[in-house]
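First, one chain by itself in structure tokens, the form predicted on its own.
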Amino acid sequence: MKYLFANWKMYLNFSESMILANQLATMSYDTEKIQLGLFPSTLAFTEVEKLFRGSPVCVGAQNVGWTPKGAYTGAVSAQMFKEAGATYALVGHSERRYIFGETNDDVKKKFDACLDVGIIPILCIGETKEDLEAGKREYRLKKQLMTVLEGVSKDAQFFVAYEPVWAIGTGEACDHLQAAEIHDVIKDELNTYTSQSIPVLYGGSVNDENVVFYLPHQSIDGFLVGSASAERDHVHSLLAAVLAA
């Protein structure tokens, strides 16, 4: 099984989200080989979830608040997303960390909140260009994992998405051999915290042209795709590439 998770970020407004969702709803593919997940904006979430309810396509949240309810203007809690039908939620995406200032502790709270309500969190980790150039890639990734996973139940279900910050939205994807090597490092590190086989996804300027280079690597379990997932033809090409691998 390979995973293809489409993070629509803030690329699509409500009507654009529904147009794409309806296009994807008519698309056929081998659901035993691919798990497709969609992460629409909060405004579009409930309608997209209703469209795919009962289907093999899962719908997730791009971000969650860690407190169930309360005086948190603008926040939508993990509990609220669960009640609305969310299967997954992204936590710790690099844009949340480096644009909105979320700390490792914030990510830990959101991760735990997802587990508490039965949402499967997708923990996003990645190094900056400065980390890479300073030889601190593994240090950064291991620290991000440790802060969130220390003390988590060894039976907890979650995903990890490796998304080098310097590759997000830049068109400068991580070399597939390096990505596979880092995925091996991440999986070795995960053995410290869990007894589960945790899927590790690659994200960072993935598109329908370069995805074929990552597919042969067993350590890469799937992809978290940004801008390339916001167009019907690109999603179709990504699905076709994964199925052909």
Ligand code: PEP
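Keep in mind it's a predicted model, so treat the numbers as computed, not measured. The numbering used is simple: start at 1 and walk along the sequence shown.
What follows is about the form predicted in complex with this ligand, which we do not show.
- In the predicted bound form, Glu95 approaches this ligand with a heavy atom inside 4.5 Å.
- In the predicted bound form, this ligand sits within 4.5 Å of a heavy atom of Ser205.
- This ligand in the predicted bound form is approached by Lys9, whose closest heavy atom lies within 4.5 angstroms of it.
- Interface residue remark: Gly226 is counted as part of the site for this ligand in the predicted bound form, having a heavy atom within 4.5 Å.
- Here the chain stands by itself, but in the predicted bound form one stretch of 143-151, 68-76, 98-106, 166-174, 166-174, has heavy atoms within 4.5 Å of this ligand.
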